[in-house]
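This text opens with one protein chain seen in two forms, each one given by itself as structure tokens under the names structure 1 and structure 2.
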Structure 1
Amino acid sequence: MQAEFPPTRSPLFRPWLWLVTTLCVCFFGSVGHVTAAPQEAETAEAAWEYRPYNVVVWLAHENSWRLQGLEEGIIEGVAAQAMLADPSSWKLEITRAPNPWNWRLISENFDRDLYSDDLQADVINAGETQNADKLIIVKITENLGEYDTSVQEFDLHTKIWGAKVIREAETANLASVIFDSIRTAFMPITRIENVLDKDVRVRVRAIGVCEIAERDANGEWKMVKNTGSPAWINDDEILMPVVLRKDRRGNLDNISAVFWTFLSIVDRSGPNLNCVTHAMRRAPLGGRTGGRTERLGLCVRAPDRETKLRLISNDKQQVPLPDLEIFSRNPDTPAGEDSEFIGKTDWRGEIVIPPNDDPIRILFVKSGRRGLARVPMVPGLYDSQETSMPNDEKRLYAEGITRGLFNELMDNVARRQLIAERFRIALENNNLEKASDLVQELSEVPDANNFKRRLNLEKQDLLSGDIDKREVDYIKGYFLQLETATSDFLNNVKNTQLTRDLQGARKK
């Protein structure tokens, strides 16, 4: 019996068919003097979803005799698994890292300079990466007969480094571990099509060629979406927005990852994903857009590990913020449910955020009862992260000062009431000398004007120096409440009334 095989089909069949059709339409359209603008727009849309990734993989190691012997097998094994996983939506080229890149990659300076502009420029301008979309660096270190592997992607278009995937391997499974790490490190890219408040629609690159042959229930071969491909984005994965801006000449002017902002997928429609925004600040993807602005979303796949979060003040001093309480919720947690308490920041303003079942955590930073910030993060995406927020120290100090002043105000009110009651008893007993002494005692208790002067001095002292505007508003609010209470309870009506009563008693 002759074996059945899936129908022969080139991975680029559909893009080439589309390209030939487009060229024919454009050619005949130009002959007939028909405008090609609608066709060009349609072409631009289709090119994105049918455009495979060109991926360069550099293998770097210390050139030991064991790794030299294993190198060819690793390259062949990874290439074969890449073809089996997805023959269409990516073209993976794996080679030994060229010299002097090999030694630069395995040096300690490389990790230290990872985010420097010079290093990124060297990577982008390297001859081997000129036509690539992504560079994936695989570093192998021999460790007593076993191997430590580190895999990390650099997206050449957005200049974003992905998560570092660190795993151990043995000789027998070294190629498989490396390929599985490449799958995790690979960051599919999307184009942000539309933003409406928190709702965002994105179009997935290469989704049109992310297909594989599969038998149906009748035994017939058909093309289906390859959900096992590294280029496929699952419904539970997370996107990180990146904004690219060009100058008037069309040259890239600025690239900015929208940190502390992520997109989670709600549903999908063809090549589009409908997402919702989780952000630290309001409307992070808003603002002016146009032909010189490109908004993209990278699918980030974080390893199952913790991230150290450091909180500092957003003033000029940028001091660590200790003793802040950190709570966590999943994005889909109902509003009525309690948040998970992670812990408090230490004296360095640091706290370790562990991973959980959901790839994204929504962190709530609190100082006492006051919420300072809402921080979405993906644990494991980076080893450590830092963000700034208002220094709540002055507000807490102001709260303590105003609480003490309020207690002093109530004490003065009680003293005045007690003196007035004793004054009434003295008049009833016709003890005018005692009543006169009590009027004098009442005049020595701070009245509204005296107490307000005291409040004003304390407020000026608290508002001096570099202080966040929100803190200023909180402190002013505390003192406004005190000033209102002072006017209500420490007025001079009681002093005037007691003096009149004493004068009236003396005339009798």
Structure 2
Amino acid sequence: MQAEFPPTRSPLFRPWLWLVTTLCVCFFGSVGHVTAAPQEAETAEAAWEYRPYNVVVWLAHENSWRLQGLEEGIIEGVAAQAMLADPSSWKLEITRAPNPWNWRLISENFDRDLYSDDLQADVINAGETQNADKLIIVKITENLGEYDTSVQEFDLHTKIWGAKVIREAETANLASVIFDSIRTAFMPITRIENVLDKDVRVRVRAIGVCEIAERDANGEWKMVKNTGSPAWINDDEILMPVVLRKDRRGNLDNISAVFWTFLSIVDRSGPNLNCVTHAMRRAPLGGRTGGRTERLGLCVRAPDRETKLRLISNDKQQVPLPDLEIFSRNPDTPAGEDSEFIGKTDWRGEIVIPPNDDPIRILFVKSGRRGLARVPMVPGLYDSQETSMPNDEKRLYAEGITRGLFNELMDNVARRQLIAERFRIALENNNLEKASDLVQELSEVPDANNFKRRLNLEKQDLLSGDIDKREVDYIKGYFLQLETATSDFLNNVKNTQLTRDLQGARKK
């Protein structure tokens, strides 16, 4: 049965309507800006929600005879599936990558230079991408009758590369696999509208046209949201913020992805999504904003792959940080539940973070007793990532020393109590010789003053040399605890008191 194609365009989306609207805006705009401004804003708002994506897809391969033969079928197949999936939110144009791009894309150097400014500039300046929002690169390698495919998106607006989606395919399903990869690699864009602490409201692009017609229970056709569209953002998906700054002339001045920051969706209202921020640092989306700052959120869909995380120190030396413990939690994990221990960084400061069922993993980095950082991460988004955090060496060393001192303190407290108790029993039994021996024994166990002197020496030793201020604070805190415990507990049994008691007993 031939499928009917109900109208898929929103009634609002009529070219003639846009023309009239534009003319009205221009006319009334000339009358007074007060009247025109809200309309412009509304138009801009409406434009965002209804602005479909222009997506250019380049197919790159080694031009084997088999792939040459399949190429047309792939292009047609992918285009058809794209239309079927969503004919309105995106406009996909799939072609063979133009020369010399085809060879450049499949060369080994391409991946190595992926994040270089030069490559990005070349991509942006390529004629074929001038009016596009996104460029999706599809690389196909033939492998003994089967195919290895690699699909990756480059968002031309934010200059952000998406996750690489790698799949294997056979001849029969090559087009489907490629399309499926495109769907995964595609990064819908949102615009960050409002930030209040951790709460963020975003507006989704092209959400207005992301609809399909469906028959309801009465058999009536109605428009519903096309949740199967690549442009649709599901509730469990993650957004990565990007900040664009323009200069006074409106030219793009700076783009910065807010790394180690992600937004997860709490709920939605209309075209908006209400999100919560997961970030490594405080207020990642704070700061002054104005007409020249545009904050966007890219929906990142990481494939099921691991990411190598590398930790380095945030000082001048930037040395790798080995032996740090990495724990992981889901953002929704209740406070009382234990975190999952993933492992320790190796001698290069690296650790592999595997994916799990959660779209985002919150990593906790510990050095000894101290938590160094909280790192939200989407494994698979990148092959490897690097971040810096404090070099904790001095504090860690001090942690070991103070632990030993604390144990020693507790031992001395117990010893003194034991001696005091035995002394009391000796006096009760009128065994003055024994009592005298115990007084002598007590004098050999450090009292509060002796122990504090020792603590002082150790503290001075630990705080000597070049040392970060935060580490100083930690170390001083440890010794403060020790000194307090010394005063509180080690003074409970005083040598002088026992001596007095003994003298008293002797007089009797």
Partner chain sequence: MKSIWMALLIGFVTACTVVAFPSSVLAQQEDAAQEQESEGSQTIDLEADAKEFANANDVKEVEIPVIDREPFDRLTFDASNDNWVLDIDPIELEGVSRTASIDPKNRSDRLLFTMELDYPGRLWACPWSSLVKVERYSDLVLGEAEKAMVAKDYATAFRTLLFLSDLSDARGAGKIKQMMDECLYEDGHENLEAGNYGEALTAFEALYERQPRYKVRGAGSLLEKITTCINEFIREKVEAGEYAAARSLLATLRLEYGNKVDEVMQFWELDMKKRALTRLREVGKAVQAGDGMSAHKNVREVIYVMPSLVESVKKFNEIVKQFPFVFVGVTQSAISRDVRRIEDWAARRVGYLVDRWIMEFQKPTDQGGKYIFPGGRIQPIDELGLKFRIQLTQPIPDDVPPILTYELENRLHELATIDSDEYYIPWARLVETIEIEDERSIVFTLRYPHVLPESLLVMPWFSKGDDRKEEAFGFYKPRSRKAEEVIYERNERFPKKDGQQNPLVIERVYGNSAEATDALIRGELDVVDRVYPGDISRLKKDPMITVRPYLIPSVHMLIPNPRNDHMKSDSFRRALHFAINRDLIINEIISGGSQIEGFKVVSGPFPEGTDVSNDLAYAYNRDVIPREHSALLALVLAQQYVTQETNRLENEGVPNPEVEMPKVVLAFPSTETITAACKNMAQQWRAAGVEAELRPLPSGQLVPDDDEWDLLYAEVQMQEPLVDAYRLFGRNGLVKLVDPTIEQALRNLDSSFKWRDISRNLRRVHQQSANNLSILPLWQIVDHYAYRKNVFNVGKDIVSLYQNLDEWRIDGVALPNESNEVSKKRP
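The shown structure was predicted, so the numbers you read here are calculated from the model rather than taken from an experiment. We call the rigid core whatever largest set of C-alpha positions still superposes within 1.5 Å between the two forms. Here, a residue number simply tells you its place in the sequence of structure 1, counted from 1.
Looking at the condition given, the form predicted on its own, one finds it describes the source of structure 1 alone. Two rigid parts turn against each other between structure 1 and structure 2; the point where they join, the hinge, is Asn391 in the list Leu135, Asn391, Val209, Gly162. Relative to the larger rigid part, the smaller one has turned by 23° between structure 1 and structure 2, according to C-alpha superposition. Taking the core as reference, the C-alpha deviation of Thr484 between structure 1 and structure 2 is 8.5 Å. Shown is the Cα shift of Ile475 between structure 1 and structure 2 after rigid core superposition, which amounts to 3.9 Å.
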